[in-house]
Structures are given as structure tokens and as C-alpha cells.
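Single chain ahead, written as C-alpha cells, the form predicted on its own.
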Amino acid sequence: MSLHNNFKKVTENIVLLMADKHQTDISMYSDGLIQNVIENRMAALCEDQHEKYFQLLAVTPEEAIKLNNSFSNSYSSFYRNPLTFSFLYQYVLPRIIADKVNSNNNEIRIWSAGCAYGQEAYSLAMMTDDLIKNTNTNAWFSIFATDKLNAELESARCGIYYSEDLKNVPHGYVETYFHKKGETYAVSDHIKKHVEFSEFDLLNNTTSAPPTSIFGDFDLVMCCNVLFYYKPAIQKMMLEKFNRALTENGFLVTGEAETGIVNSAAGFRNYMSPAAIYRKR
């Protein structure tokens, strides 16, 4: 058996072991991610034998917890994809604002799914607030930011960041929407009041939207760099969830590396290539 096939077999056995012995399902993740996580845990333990790692995992609940936690990706940053945020500011959000004003429905509803430490949600809030001020309309907005990890959500609610975290934030926004506190910067209360952080599991196929949003009906859903961590069936389930949660002709934004996933799925059409911005069909 080749080394690749042997590792694949060990990976399959680890997936079964985690489910049977540790009651933890990691089967929904992509095969590539599962293998990478296992290799990283082995490297951390200075273990180069797959079978030995399997044996360790079988008798060590603490390692099972560490392995499972390694699947959580909490990286985020302000204005992480400049092209996407540029298009959102220039075209998408102005379109949403104009449509709301014309329909006499002044509430703009946005879902930041997989918000991590809050940078994406606050980025959206600052841009939306700026545009509403510039257009001198009476529109108002709510952003529902969700993740499944409470520690990250608590940090997001605090809204405290270091100067290096703000390197992609427009200078004017730093002055307008943050307060300097020693070596850190705090998001202004004006912006915080527009953002509701709550725990929500995207993998729960019985729900379509965060309970805090009551009924979904979002004008924009932003879920970047999440889909590609999962197997196709899970990706499909998530996209169907977003489709149900969006208003008619609502917008979906994903990571640029996920365009192939969305393009091959039903329910969305590309709105602004090359950015990963779509509209509900």
C-alpha cells in the first residue's frame, strides 16, 4: 500500500474513532482539511507515525478535544478582501439603500455568518453607516453577526483591537469609528449598537437564520472562507440555508476561493465578477 493510501486509510479510521469513542463528528469536513489537521497535530506532538497517532488518540480524550478544536478557524481581519469590500461600498450597498428607500422599507438587514472576532461585521457596519450619512436618507441598518464559538463572540462584543489590526481600515474610519485607549482602539458605541453578536451553528440543518434576527429576510449575507472547509453535501446545505434567509434578489458574498462552489450550486447568479458577489435567483 502506498504512503498516500495508507494515510487515507488512517484518516478514515480516525474519523470513525472520533465518532465512536469520542462522540465527535468530523466527517463533514473536507478530506484535505482533515488530513492537514491530523498532520498538524502529529507535528505538534513530534509524532511521524500515523498508526501511533491513531493509537494515542484512541486512549487520550484530551487529544481528541485538541484535534476537534483544531478544525475551528477563527482568523479574520478588517476589510480582508479589498476588492470585495470596494465593490460592496461602490455598488452593492448603495443599491440596497436605494431599493429600501424606493420601497418605503427603511430597514437594511445584514448577516455576517462566521464572524470570528467581529472584524467583518464592524467593517460592514462602518461602510453602511458612512453611505447612509452620505446619501442623507432615513434608512437604518442591523447587522446580525454569528459564530459557534462563545470566546470569539465575547471578544467581538468588546470590540477592542490593536493598531496592527486596523492597518486595512480607511484612515477616516479610524478617526470616526474608533476611540483610542492606550495601546488599543475601541469600536465606537455608535457602531456597536448596529451589530448583534450571537451563537449560531451553520451546520444545524433545522434552522435558516439566527434566532436573534427572528425571521431572517436579509438583504445581504456575508460568509467568507467557510464553505471550502466542508464536504460538498454540507456546502449545499449551507447555500440552501443562505438562500432561504435572503430577501428576493438579496446578495450573497463568499470568499474568492469559493466561487467554484457557488457557481456550481443552484439558487445564485454571479453579480459582480471577479468578486465573489452573487444575487439570489
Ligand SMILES: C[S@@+](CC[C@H](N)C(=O)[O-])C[C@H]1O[C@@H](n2cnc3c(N)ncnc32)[C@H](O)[C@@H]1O
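Being a predicted model, the structure only gives us computed values, none of them experimental. Numbers for residues come from their place in the sequence shown, where the first is 1.
The discussion below concerns the form predicted in complex with this ligand, not included here.
Residue in contact with this ligand in the predicted bound form (any heavy atom within 4.5 Å), chosen from I26, C224, L220, L57: C224. Taking a 4.5 Å heavy atom cutoff to this ligand in the predicted bound form, the contact residue among I160, M127, L149, A139 is L149.
By the criterion of a heavy atom within 4.5 Å, R80 is counted among the residues contacting this ligand in the predicted bound form.
Proximity of P210 to this ligand in the predicted bound form falls outside the 4.5 Å heavy atom cutoff. Taking the partner from the other structure, this ligand in the predicted bound form has no heavy atom within 4.5 Å of any heavy atom of Y185. In the predicted bound form, this ligand sits within 4.5 Å of a heavy atom belonging to L202. For this ligand in the predicted bound form, the listed stretch (141-149, 186-194, 99-107, 167-175) containing residues with heavy atoms inside 4.5 Å is 141-149. Interface residues of 72-88, taken as those with a heavy atom within 4.5 Å of this ligand in the predicted bound form (partner not displayed): N73, S74, Y75, S76, S77, R80, in sequence order.
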